[in-house]
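One chain comes next, on its own, written out as structure tokens in the form predicted on its own.
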């Protein structure tokens, strides 16, 4: 009975954790999966958004989720500027492979250093009515507990993911974004500027950092270097789900969330970091395009 109780609670925690992982990965799924832009700095921008959320919460008492919504346009604008620079100096000259990757590594370290100078290395938290509380009960002799902080992150992440999925599936912009990495020439012949499409799509991808950062500081304490812990997770989720597949990103995030929760519960948290890459390698051995990939084996 004890093992069953541990299993059920680990399963619930894993599902909720998967929603949190999806929020961290959805923007990278757009930038990397649809635009071929390897934004290695994406998790660090999420941390920056988490610190912005901390400022709004600590100084003005704004709810973290509302703060995340408020700062989203800021990160959308930042994404617009970053892609404009990336295109002008790297992609336009076909130097995006190695030097473009170095550009994002540079952004990662610069952002991290600015955060360290501004906030130090202490962990920061936010205050909200649902943080530190949980609900549950006993069902058939099994005690179940659901933390509100993980539940709120799961709900917001699900809304964000499904909203982006519907937008990309049902809008002309979404279809144009999917066509960018397939045939830019054909898109140009239709009178659509591929660079403008990629600029907006990249800005949307980085804009998701606003919400993701708010969820991050709700779920865990943050410090400037915490983004490095999630680089492996987010890239594994994007590739595992299938490059460019928003729904695949959500499914992959759930799989990794449940797997990490189970491993942490029954084998200890030290084994959890290896789970992402073990599952990724296992799936890619049999399906190189990921779970919902459509033939793109980049």
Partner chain sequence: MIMRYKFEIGCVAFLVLAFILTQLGLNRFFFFAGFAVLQFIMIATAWNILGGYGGYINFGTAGFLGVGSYTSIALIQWSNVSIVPQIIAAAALAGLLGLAIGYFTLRLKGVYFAIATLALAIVLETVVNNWDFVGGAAGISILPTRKPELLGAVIVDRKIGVFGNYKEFLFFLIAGMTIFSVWVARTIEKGKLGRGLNAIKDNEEAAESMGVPTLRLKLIATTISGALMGAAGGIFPSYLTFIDPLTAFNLEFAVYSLAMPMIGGTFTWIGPVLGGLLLGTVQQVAIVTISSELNLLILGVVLVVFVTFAPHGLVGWFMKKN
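Just so it is clear, the model here is predicted, and its values are computed rather than measured. What we label the rigid core is the largest C-alpha set whose atoms superpose within 1.5 Å from one form to the other. Residue numbers count along the first chain shown, from 1.
If you look for the form predicted in complex with its partner chain, you will not find it shown, but the lines that follow are about it.
A heavy atom within 4.5 Å of its partner chain in the model of the complex is found for one listed residue only; from 80, 148, 103, 87, this is 103.
This chain is drawn without its partner chain; in the model of the complex, the residue among 107, 200, 176, 125 with a heavy atom within 4.5 Å of it is 107.
Contact annotation: residue 54 falls outside 4.5 Å of its partner chain in the model of the complex, judged by heavy atom distances. Taking the partner from elsewhere, residue 61 is found to have every heavy atom lying beyond 4.5 Å of its partner chain in the model of the complex. Within this chain, residue 231 lines the site of its partner chain in the model of the complex, having a heavy atom no more than 4.5 Å away. Of the heavy atoms in residue 284, some are within 4.5 Å of its partner chain in the model of the complex. Residues within 4.5 angstroms of its partner chain in the model of the complex, judged by any non-hydrogen atom, belong to 233-241 and to none of the other stretches in 257-265, 64-72, 233-241, 45-53. Annotation for 245-284: interface residues with its partner chain in the model of the complex are 270, 271, 273, 274, 277, 280, 281, 284 [heavy atom within 4.5 Å]. Shown in the overlay between the shown form and the other one, fitted on the rigid core, is a CA shift at residue 279 of 2 Å or greater.
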